[in-house]
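Consider the single chain below, provided in structure tokens and representing the form predicted on its own.
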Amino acid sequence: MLFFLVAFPLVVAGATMLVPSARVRAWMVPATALIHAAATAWVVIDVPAPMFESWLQLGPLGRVILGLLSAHYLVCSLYVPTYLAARAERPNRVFCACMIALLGTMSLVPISHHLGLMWVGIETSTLATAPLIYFNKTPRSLEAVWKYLLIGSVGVAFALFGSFFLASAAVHNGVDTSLLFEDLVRDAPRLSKPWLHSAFVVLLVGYGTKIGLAPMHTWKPDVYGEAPSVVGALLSGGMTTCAFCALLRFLQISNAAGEGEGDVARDLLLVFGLLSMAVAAAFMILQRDYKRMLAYSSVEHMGIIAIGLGLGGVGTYGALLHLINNSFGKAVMFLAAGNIHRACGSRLVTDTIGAIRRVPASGALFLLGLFAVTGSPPFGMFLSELAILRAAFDGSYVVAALVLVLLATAFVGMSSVVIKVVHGGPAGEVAREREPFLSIAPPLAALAVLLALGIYLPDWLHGSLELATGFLEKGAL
């Protein structure tokens, strides 16, 4: 079943290229997602044995990440048929094939327990998303693709060098070289500390580029602004989750090494996290493009997660919970923004003022999404941010104060944009646009998940998060 989760979407993606009907190709995306979600539920509940000499296996962290990726992709995939029907003038053969292939390549990351194989999963996911970003085929989307590939290539190159550094940490001290994470965690106390420290720094820069931590975030505003909204949702809630999964595995190795290596890694995460929040808050103030505003919101939340990991303990638990909340929160915002963009024909705030009169459901979802992603109760992000703040107050009042100030600044900047888009007063009468059911249902479902997680955290999810937190904190196998 582990192999099936990767191979099945890739096979269907190849078959999609041969299907002559554009409408059938569009519906193959959610159909594949539904089968994949069912298979994911199976392996998460009944964890299968490792495969291929333990290269593929599902550990405590992988169960959380894989379940999140599959559920988030399923919600986004339901939006695809309606979106492509509204863009019938565009050929969708490559778009649908790459969308389905992306599900397989992302699934490879959380089940890979081999350092090189996990890197391959992230790199192939990057390549699969490039044609999706260029779907509109405009000069600006072409520029965004090149920026994405260029900066992303530098990032994955750094990640590869970091992997070499980690192998060198073993060779330098005479430890048998292995790229399996279980072996690296077991042998972590025997690794060369200078090489291990250097490896984490390089890996943080490499995978931090894929995550979008400042100052490696410069590709995000252009890509999120030019890509179709459903692609933006998958990038901000799916690809970033994969990159964090990779970074978490290396953090686990640092924690297992002892002698303060975990503390060094956490300090770096704190610095990058605070910097990301500060940069995002500054650029969200007076932002005129609401899709670029969502890109900076993603940078902010990546910073929040990094801070939680840097604080450790309950902060790590909060960071994992925030990964889940961020994925569904971005699905709400990007899909609702896509509906507004399609109805108004512009991403500029000045051209979409009073959008709730033109598209009432999408406007309401965009407004509710604002409260969800800014950590307002009763939505789930309130609980995850509260857990991270609790860890901050336990560790450093300075960090806690900075986080609170930056959260407030980001809220002011983001709310000023969203409220203008939704509730401004347009001149004259505005014709109400038809909103297809499948353009509203996916963001509504994502919002319902956020609301449910804010009211009640299921025991099975709480237990999975606690198990994954202990797995990362103790460096246990």
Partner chain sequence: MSHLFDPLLVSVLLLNLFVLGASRLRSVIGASALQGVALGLLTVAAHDHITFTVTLVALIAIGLKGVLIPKLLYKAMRDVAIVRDVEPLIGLIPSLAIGAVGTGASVIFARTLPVADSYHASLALVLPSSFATVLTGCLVLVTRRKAITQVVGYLILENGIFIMGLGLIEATTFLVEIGVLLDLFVAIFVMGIIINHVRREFETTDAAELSSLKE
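On a predicted model such as this, the values are computed, not experimentally measured, just so you know. Positions refer to the first chain, counted from 1.
This next part talks about the form predicted together with its partner chain, which is not shown.
By the criterion of a heavy atom within 4.5 Å, His72 is excluded from the residues contacting its partner chain in the model of the complex.
Not displayed here, its partner chain is approached by Arg292 to within 4.5 Å at the level of heavy atoms in the model of the complex. Interface membership of Ser198, defined by any non-hydrogen atom within 4.5 Å of its partner chain in the model of the complex, is confirmed. By the criterion of a heavy atom within 4.5 Å, Phe393 is excluded from the residues contacting its partner chain in the model of the complex. Partner contact region in the model of the complex: 161-169, out of 182-190, 373-381, 263-271, 161-169, criterion any non-hydrogen atom within 4.5 Å of its partner chain. With the partner omitted here, the residue from Val399, Leu108, Ala101, Ala144 that has a non-hydrogen atom within 4.5 angstroms of its partner chain in the model of the complex is Ala144.
Ala157 is the sole member of Ala157, Val314, Ala364, Leu407 with a non-hydrogen atom within 4.5 Å of its partner chain in the model of the complex. Taking the partner from elsewhere, no residue among Ser276, Glu385 and Leu461 has a non-hydrogen atom within 4.5 angstroms of its partner chain in the model of the complex. In the model of the complex, the residues of 277-300 lying within 4.5 Å of its partner chain by at least one heavy atom are, in order, Phe283, Gln287, Arg292, Tyr296.
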